[in-house]
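First comes one chain, alone, set out as structure tokens in the form predicted on its own.
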């Protein structure tokens, strides 16, 4: 069985006024289908940068990344986007919903980009699954933070993703909303069998994953 995501000798440096700053250094990582991996560490340790690199949203300074069997350095931006469409789901701390579209329309976009049929029906079923049957035709500004994140969950899982990238998915929520979203998040992950790469400061959330990796000083990954 081939890994969903692998990283070899992965490093990221940026130039600053004081010289070159190493954010990530010699990262080695492998995630198999269905694995749930939490990435923890202090603020500024490079967790979100690592997630962006693994998803092909950013380019490394050195090293290689394979996503869904493809070497990302061999793909252009359009090819990376085509690879992600229908295979990869994203959930962020900021919800990134389109305010000019209703909840159901925000979910339909993911299905449209993936070329899926019965988009309205499938989007509606996902919104029912996350408890928003009565809010499908509301716009994001009319929804609470927890409701917006549930729309984002429905959008992420609508394409039955092989891998899900999540960056602090409960970071902007109050305790009650955070617990509800976390339960839905892990229930859906099990239902769809998606691999998961989760960046979080929340030790309780991290403990629900199969493995916890920590980014420490100097951008080194520790298991």
Partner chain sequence: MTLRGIRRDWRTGGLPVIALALSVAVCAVTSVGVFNERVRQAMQSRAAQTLGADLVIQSHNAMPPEVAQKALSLGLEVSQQVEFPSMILTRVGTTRLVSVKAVDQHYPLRGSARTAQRPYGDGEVAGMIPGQGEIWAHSRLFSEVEIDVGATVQLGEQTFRASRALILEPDGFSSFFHMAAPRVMMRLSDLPTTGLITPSSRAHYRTQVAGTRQGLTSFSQWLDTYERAGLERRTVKDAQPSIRSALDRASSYLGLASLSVVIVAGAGIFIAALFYARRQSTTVAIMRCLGASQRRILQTFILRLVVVALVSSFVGGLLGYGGQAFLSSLAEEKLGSTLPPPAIWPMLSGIAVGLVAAVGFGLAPLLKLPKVSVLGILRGEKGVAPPSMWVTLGLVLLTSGGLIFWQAQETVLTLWVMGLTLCLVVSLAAGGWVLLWLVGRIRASRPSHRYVISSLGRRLGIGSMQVLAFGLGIAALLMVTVMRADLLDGWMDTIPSGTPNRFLINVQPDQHKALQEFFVAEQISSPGLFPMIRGRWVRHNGVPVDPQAYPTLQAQRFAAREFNLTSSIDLPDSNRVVSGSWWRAGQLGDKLLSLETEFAESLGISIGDQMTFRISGVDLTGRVSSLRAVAWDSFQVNFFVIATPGLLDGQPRTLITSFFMSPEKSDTAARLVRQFPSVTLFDVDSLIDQVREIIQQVSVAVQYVFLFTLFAGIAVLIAAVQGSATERSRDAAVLRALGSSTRRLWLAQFCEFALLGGIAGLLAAACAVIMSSILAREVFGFVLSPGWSVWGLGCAGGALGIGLAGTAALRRVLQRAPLKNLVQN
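Numbering follows the first chain given and starts at 1. As the structure is a prediction and not an experimental result, all values here were calculated from the model.
If you look for the form predicted together with the partner chain, you will not find it shown, but the lines that follow are about it.
Heavy atoms of no residue among 174, 186 and 210 are located within 4.5 Å of the partner chain in the model of the complex. Stretch-level contact check against the partner chain in the model of the complex with heavy atoms at 4.5 Å: of 175-183, 194-202, 34-42, 52-60, the positive one is 52-60. Residue contact check for residue 84: one or more of its heavy atoms lie within 4.5 Å of the partner chain in the model of the complex. With a 4.5 Å cutoff on heavy atoms, residue 128 does not count as touching the partner chain in the model of the complex; it lies far away. Among residues of the shown chain, residue 101 is one whose heavy atoms approach the partner chain to within 4.5 Å in the model of the complex. Using a 4.5 angstroms threshold between heavy atoms, residue 74 stays clear of the partner chain in the model of the complex. Residues 139, 155 of 138-158 are found to place at least one heavy atom within 4.5 Å of the partner chain in the model of the complex.
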